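Below sits a lone chain in structure tokens, taken as the form predicted alone.
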């Protein structure tokens, strides 16, 4: 099996699993996986496809500018330039972008602060943080409709071979050395968001009950 086919199979498996979690509402979200480093090429999801369905048009191969490398009727995902930023700035091998209710709510709650931090959670070990008082902070950037401008802002926070950035009222983009690591980071982030929102909800309910 060629490298291209291997990467296709890996990315298709991730897409299948995330679709089962219902993390692609309204054809949203996009996934990418590096095929070659020099010159840069990577597979990225086609725009406007129902990601719960598997076809031979799910992904297309693009270059370091995000342009299709072969003649095709398919259009690369609108946020392909975000993946370009990741692959040109780091050694990451896979990047994932999803829109969920939880990550959108978190991004709105903490958007004015420019980020959200988590501490005292066992699952932050998924980010390679093993110290007892470790803190995991995810930056939050504003959502620009002009994708090149969004990509430029996003790129300022792409410094390591793995990481995550929230786009306010838009979604989260994560990346890692391979598909396994990227998915692990995404799952850990979504766990933290869900946990945090539940804790806030319970605290509010408790506060209201004490006032009653």
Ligand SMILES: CSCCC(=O)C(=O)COP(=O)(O)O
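Positions refer to the first chain, counted from 1. Keep in mind that what you see is a predicted model, and the values were worked out from it rather than measured.
Unshown form predicted together with the named molecule; subsequent notes refer to it.
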Consider residue 29 of the chain shown here, and say whether it contacts the named molecule in the model of the complex, taking contact as heavy atoms within 4.5 Å.
yes
Is residue 89 close enough to the named molecule in the model of the complex to count, meaning some heavy atom within 4.5 Å?
no
Residue 77, heavy atom within 4.5 angstroms of the named molecule in the model of the complex
yes
Would residue 64 count as touching the named molecule in the model of the complex under a 4.5 Å heavy atom rule?
no
Can you say which of 45-53, 181-189, 151-159, 64-72 gets within 4.5 Å of the named molecule in the model of the complex, counting heavy atoms only?
45-53
Could you pull out the residues of 92-109 that have any heavy atom within 4.5 Å of the named molecule in the model of the complex?
97, 99
